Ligand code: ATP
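A single chain comes next, written as structure tokens; it is the form predicted on its own.
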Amino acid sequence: MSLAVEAKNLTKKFGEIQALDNLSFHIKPGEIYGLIGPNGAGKTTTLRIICTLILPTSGSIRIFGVDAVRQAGEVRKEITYLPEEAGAYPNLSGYEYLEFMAKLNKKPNVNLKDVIDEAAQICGLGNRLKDKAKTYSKGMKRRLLVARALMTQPKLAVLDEPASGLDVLHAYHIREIVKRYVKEHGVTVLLSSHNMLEVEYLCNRVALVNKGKIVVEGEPKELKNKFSSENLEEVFAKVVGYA
């Protein structure tokens, strides 16, 4: 079986700025894999290359064996992407938004109502789906958007800071959504976050990124043991020389 994601020596330059520096990693099908690190480390750039939104300066990226540079159209059929800054249409109700996105991304031989019902169950917003999105709190909007990303059961869901800026309860709900959905449907998830405790809870494996490079990679428990640390924040601090 092909790897879900195989990145080799990814490099990306924006003028004189080097965002990625020979980044290499792989993700197995059905894994939750986390890219973690401070703002500006190169996490979002990596996600955008994987999602075929930008091209690498050099290196290669394959999604389930398909070249993401040469066959971008094929890759887009298998993935969904939730950017950190994503928003819902404010004057549509939550249900209307899910219906619109389901029609936009409809796959052959898939019942549209089943997809929308799946999304309604994922987000857990109940009767609030009848209300316009502009009346939602930030946490409610994010739950709606996570449901939109998962409802079509993509082979790979790419989530950029899925619980960023949310209160404890909404962040907990989103983590539970992701974890349960992977278990039930076998979706592969790649997520980025600067919240290392969140990623520690969610991910099978993580890569700690700093200045465009992976500085250490492995299972959270393995990394904590290796660096005699209580959590991944402490691991990162030790690896980059802050502790």
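Being a predicted model, the structure only gives us computed values, none of them experimental. The first residue of the shown sequence is 1; numbering continues from there.
Keep in mind the form predicted together with adenosine-5'-triphosphate (ATP) is missing from the figure; the text below concerns it.
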> Given that the partner is absent here, does residue 56 sit within 4.5 Å of adenosine-5'-triphosphate (ATP) in the model of the complex, heavy atoms only?
Replying inline: no
> Does any heavy atom of residue 84 come within 4.5 Å of a heavy atom of adenosine-5'-triphosphate (ATP) in the model of the complex?
Replying inline: yes
> Taking the shortest heavy atom distance, is residue 44 within 4.5 Å of adenosine-5'-triphosphate (ATP) in the model of the complex?
Replying inline: yes
> Is residue 186 close enough to adenosine-5'-triphosphate (ATP) in the model of the complex to count, meaning some heavy atom within 4.5 Å?
Replying inline: no
> Can you say which of 199-207, 44-52, 23-31, 171-179 gets within 4.5 Å of adenosine-5'-triphosphate (ATP) in the model of the complex, counting heavy atoms only?
Replying inline: 44-52
> Are 61, 64 and 213 jointly within 4.5 Å of adenosine-5'-triphosphate (ATP) in the model of the complex, each by at least one heavy atom?
Replying inline: no
> Which residues in 2-19 have a heavy atom within 4.5 Å of adenosine-5'-triphosphate (ATP) in the model of the complex?
Replying inline: 14, 17, 19
